[in-house]
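Consider the single chain below, provided in structure tokens and representing the form predicted alone.
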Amino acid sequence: MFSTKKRTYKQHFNEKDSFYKYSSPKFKEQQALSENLNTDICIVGGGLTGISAALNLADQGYDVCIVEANKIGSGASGRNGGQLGIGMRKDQLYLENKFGFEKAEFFWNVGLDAVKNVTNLISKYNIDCALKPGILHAGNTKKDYKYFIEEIEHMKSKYSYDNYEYFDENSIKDEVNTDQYYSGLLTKDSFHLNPLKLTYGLAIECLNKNIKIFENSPIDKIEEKSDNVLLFSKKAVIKSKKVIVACNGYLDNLLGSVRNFFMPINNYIIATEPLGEKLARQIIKRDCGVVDSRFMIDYYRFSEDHRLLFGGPETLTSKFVNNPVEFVSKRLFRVFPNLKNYKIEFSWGGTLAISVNRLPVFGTLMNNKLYYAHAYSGHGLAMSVMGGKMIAEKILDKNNHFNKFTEINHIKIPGGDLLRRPNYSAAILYYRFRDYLNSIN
């Protein structure tokens, strides 16, 4: 039996709209769970992992319901930076050294398929989510070019992959109009998009397939029985043959000590007023997404109406900062000081989950009646959708992709609940200091 009292989702109550909420068509509010229910599959969490799993299982005839504590897309699925990147959070050399080439190649192919899976769904369901090609990795130090060239050569020789474009110190400044970068590497088969529009579009397809969605319905306790699982909310109980828990950084204590395999962290994004297409192309020539090479990364891109959406670093504590604009704009104006005269019209934050090795944490509990997937470590837009698909395929006994992720030997964050946050805060300070040293060398 698992239960929870601490609830991270409540931090979003009474907040101002994000740009994503402002720009997305309204998703029809769904009723709260108020009566007991029997179902084949109950999914806890109305984000991309849960929605993806629901679509794949409903297509095979399962009776599925989604139970969301807040609103559909109210967590990281509808708040993230919108960068739909290939691969895993760690590069292939790291994966090869840790797992060997065969398994590293498996992870690489899953990462490629994850992006294709999302773009195929966008095409299949005709989802208007401002999909645009390209993510550029920008080098903050003069040494980064060595890593980019090594990456190009390694991926071409070992994986027959050559969909990169390299930028040297001169050409990167033509591509991104700032003096902060010395080199760059563009991945042409990555994309960026409006994540809340994607989430809403897929959720609408769930409703079209008669998948029940309950909003404002937090699950407080999950209890295993001999042939089913009981999920308890304040007003009703769901009896389900199988359960999928897809809460990511909003998991809290719902699965007991499983939470200690990741750290929930808060990240923030600001959005400028519309800058117009001409100025936007002067700032980012190809309208690609950008992520820099620092440990505490900046990531940014232009929206469908030519606002610069700029994401900044994590905060030390579990509490949200009172003024994300002040916190993030310092980073924005360092990269683009010429934007100081433009208004910041939106700011918002969200909680994501980071594992120690930056790889997603998948697993089962309750004698394979309960499945979970989380800790996408800032690389979850593609992998969260793929995670839901892999859970569905595991339940359908289609392949062993889910099992290969469960075989990863994840390390629990030392110290449990007592020391998890202090350890994380110390690490953040350390990496901020490393970024500072790199900036002056």
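Numbers for residues come from their place in the sequence shown, where the first is 1. A quick note: this is a predicted structure, and the numbers were derived from the prediction, not measured.
Same protein, other form: the form predicted together with a small molecule, not shown, and the subject of what follows.
Engineer: Within 4.5 Å of the small molecule in the model of the complex, heavy atoms considered, which of Tyr161, Phe336, Tyr182, Tyr299?
Structural biologist: Going through each option in turn, the one that passes is Tyr299.
Engineer: Quick check on this chain: which one of Ser190, Thr351, Gln92, Ser329 has a heavy atom within 4.5 Å of the small molecule in the model of the complex?
Structural biologist: Checked against the cut-off, the match is Thr351.
Engineer: Answer with yes or no whether His379 is in contact with the small molecule in the model of the complex, where contact means some heavy atom within 4.5 Å.
Structural biologist: Close contact exists here: in the model of the complex, His379 approaches the small molecule to within 4.5 Å, heavy atoms only.
Engineer: Even though the partner isn't displayed, in the model of the complex is Ile244 close enough to the small molecule, meaning a heavy atom within 4.5 Å?
Structural biologist: Flag for Ile244 set to no.
Engineer: Give a yes or no for Arg79: in the model of the complex, does one of its heavy atoms lie within 4.5 Å of a heavy atom belonging to the small molecule?
Structural biologist: Answer yes; at least one heavy atom of Arg79 falls within 4.5 Å of the small molecule in the model of the complex.
Engineer: When the contact criterion is heavy atoms within 4.5 Å, does Ser217 count as touching the small molecule in the model of the complex?
Structural biologist: Output for Ser217 is yes: heavy atoms within 4.5 Å of the small molecule.
Engineer: Which of 392-400, 24-32, 405-413, 39-47 has heavy atoms within 4.5 Å of the small molecule in the model of the complex?
Structural biologist: Only one stretch qualifies here: 39-47.
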